[in-house]
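Only one chain is included here, represented as structure tokens and corresponding to the form predicted on its own.
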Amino acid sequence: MKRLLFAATILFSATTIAEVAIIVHPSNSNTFSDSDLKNLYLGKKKTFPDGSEAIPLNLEEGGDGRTYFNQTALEKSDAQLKAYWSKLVFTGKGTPPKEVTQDEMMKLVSSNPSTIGYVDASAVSDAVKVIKKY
């Protein structure tokens, strides 16, 4: 039953969000593996591969883009991530990424080389650099 529900969620998400683009400031020349991205968004790493500070940004809770990103890039459900971050916050071992709207995400990433975020691929402009798509 759980698998059927997960598959239905993936199918529904795929129809509302075609693709999510991972974005950074245009001056960011780092290359990212899937595990680098997961580690940044799970609070296991706080720097880009070149050692500079990394500030991951999350879309607001409940949005289709966030659910799709969680499922495809981080391979976790919204509930699994919420439980994961609740445990880290409760034990004082971490703070989840700041939540912003898609417009705020574009503005923050285009103005701060330390930030990394994700948006619907159709919303990307020349003000940011796409490093990966899911």
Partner chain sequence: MKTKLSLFFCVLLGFFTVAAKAEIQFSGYGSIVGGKVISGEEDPSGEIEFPVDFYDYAFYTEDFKLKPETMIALQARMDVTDGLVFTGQLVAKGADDFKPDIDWLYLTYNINDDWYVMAGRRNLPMYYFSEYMEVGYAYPWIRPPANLYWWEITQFNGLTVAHQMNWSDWTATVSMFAGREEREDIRSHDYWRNRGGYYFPPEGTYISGTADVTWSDILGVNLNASNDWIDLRFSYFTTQYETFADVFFRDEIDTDGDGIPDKVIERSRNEDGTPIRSGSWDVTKFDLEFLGLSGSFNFDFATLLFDYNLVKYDDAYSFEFPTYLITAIYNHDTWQPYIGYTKAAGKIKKDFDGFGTGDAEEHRMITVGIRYNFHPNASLKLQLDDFKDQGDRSPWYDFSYHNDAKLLSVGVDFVF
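Positions refer to the first chain, counted from 1. This structure is a prediction, so every number in the text was calculated from the model and none was measured.
The same protein also exists as the form predicted in complex with the partner chain; that form is not shown, yet it is the one meant from here on.
At the 4.5 Å threshold, heavy atoms of Glu61 reach the partner chain in the model of the complex.
Proximity of Val89 to the partner chain in the model of the complex falls within the 4.5 Å heavy atom cutoff. The partner chain in the model of the complex is not approached by Asn30, whose heavy atoms all lie more than 4.5 angstroms from it. Using a 4.5 angstroms limit between non-hydrogen atoms, Asn39 touches the partner chain in the model of the complex. Counting a residue when any of its non-hydrogen atoms is within 4.5 Å of the partner chain in the model of the complex, the hits in 46 to 60 run Lys46, Thr47.
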